[in-house]
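Only one chain is shown below, in structure tokens, and it's the form predicted alone.
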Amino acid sequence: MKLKAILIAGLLFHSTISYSETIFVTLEKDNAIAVVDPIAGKLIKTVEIGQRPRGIALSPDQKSLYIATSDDDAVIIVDAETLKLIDKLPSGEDPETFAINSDGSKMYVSNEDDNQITVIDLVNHKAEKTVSVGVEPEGIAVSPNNEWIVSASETTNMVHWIDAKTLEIKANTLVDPRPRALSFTADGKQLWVTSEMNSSTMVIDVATKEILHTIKFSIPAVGQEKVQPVGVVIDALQNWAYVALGPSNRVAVINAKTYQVEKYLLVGARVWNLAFSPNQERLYTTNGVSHDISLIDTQNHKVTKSIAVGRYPWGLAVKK
């Protein structure tokens, strides 16, 4: 009986241990990435990486980091363990954001200055094609089934639906002014699009390419001009959506079923981008002007911690 009790206690103990994870944060002004242990709540190290790093993502196998070093006109590939440079991709001029399909074979890069998307073969590290879109493309996403590449053009005020097989634009959806970020729901049925200038987020039906609902943000005692939606994420169960509201220093917590804003969470200054922990029990934010990241408990919708990371954190990727 004693041995059985010890074994049960051991199982319970192990079940409560948080597995380790690492956050990689791009630092625009430091030309570096910060490596953060969110469980310990500390900055591990900072590594110089290239000029003005912004967009960042892990490969599906989590072995490689892709980082847009905008002022180098490149997307670089870095080993996720050693942080050593592996290669540079032909990304076009001034890359800022990009999206990778689910099997890691293709990358789609927004070239804001050239009004186009560069399609990169990640197997051979070669540019395949460029696709002309609207003026100032930035936000970009790939649907979960890899059918659609969707690009948001900030000045044209449209999202462009690009067929992933033919690489041709098949539809355009007019949205609120200055669309910034895009995120598909896990089932691929909805696309959420933030509008920086209209303090809104639109929910688009993927089947019809039409707007289902527009969510407006208004924060008591905060000037409306400061409510500038940027990053957006939706949890895997599609219960909650979160939108970073820029210089209002808030993250909106939205019921993804009713589209009602349930709460505004105060984080650091100029909150820009968002990423979940692997189990989605935490949400991480980059706060550019306060030079830190915030940790949000998604079970209780409370900000639990901030971690200083360096100058102007922009993007983040989480490795389990």
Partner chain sequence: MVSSARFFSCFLLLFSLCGAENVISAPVQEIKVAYLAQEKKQPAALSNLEAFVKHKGWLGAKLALNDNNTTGQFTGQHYHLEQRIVALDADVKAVFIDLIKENYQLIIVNLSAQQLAEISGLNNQQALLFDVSTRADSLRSQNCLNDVLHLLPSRAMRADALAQYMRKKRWNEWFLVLGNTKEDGLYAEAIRRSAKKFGMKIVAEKKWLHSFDARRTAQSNVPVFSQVGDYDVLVVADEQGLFGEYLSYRTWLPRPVIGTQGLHATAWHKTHEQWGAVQIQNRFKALAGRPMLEEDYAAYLALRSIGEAATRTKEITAVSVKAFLLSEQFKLQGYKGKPLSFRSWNGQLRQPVLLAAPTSLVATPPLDGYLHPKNELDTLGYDQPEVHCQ
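Residue numbers count along the first chain shown, from 1. Every value quoted in this text rests on a predicted model; they were computed, and no experiment measured them.
As for the form predicted in complex with the partner chain, it is not shown, yet the points below apply to it.
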Checklist entry - Within 4.5 Å of the partner chain in the model of the complex: all of 169, 175 and 228, by heavy atom? => result yes
Checklist outcome for this item: In contact with the partner chain in the model of the complex (heavy atoms, 4.5 Å), from 235 to 243, 72 to 80, 109 to 117, 186 to 194, is stretch 109 to 117
Checklist entry - Ok, 209, 216, 213, 125: which has a heavy atom sitting within 4.5 Å of the partner chain in the model of the complex? => result 216
Checklist entry - Given that the partner chain is left out here, which of 158, 99, 182, 203 has a heavy atom within 4.5 Å of it in the model of the complex? => result 158
Checklist entry - Would residue 136 count as a contact of the partner chain in the model of the complex, using a 4.5 angstroms cut-off between non-hydrogen atoms? => result yes
Checklist entry - Given that the partner is absent here, does residue 143 sit within 4.5 Å of the partner chain in the model of the complex, heavy atoms only? => result no
Checklist entry - Taking the partner chain in the model of the complex, which residues of 247 to 274 have any heavy atom within 4.5 Å of it? => result none
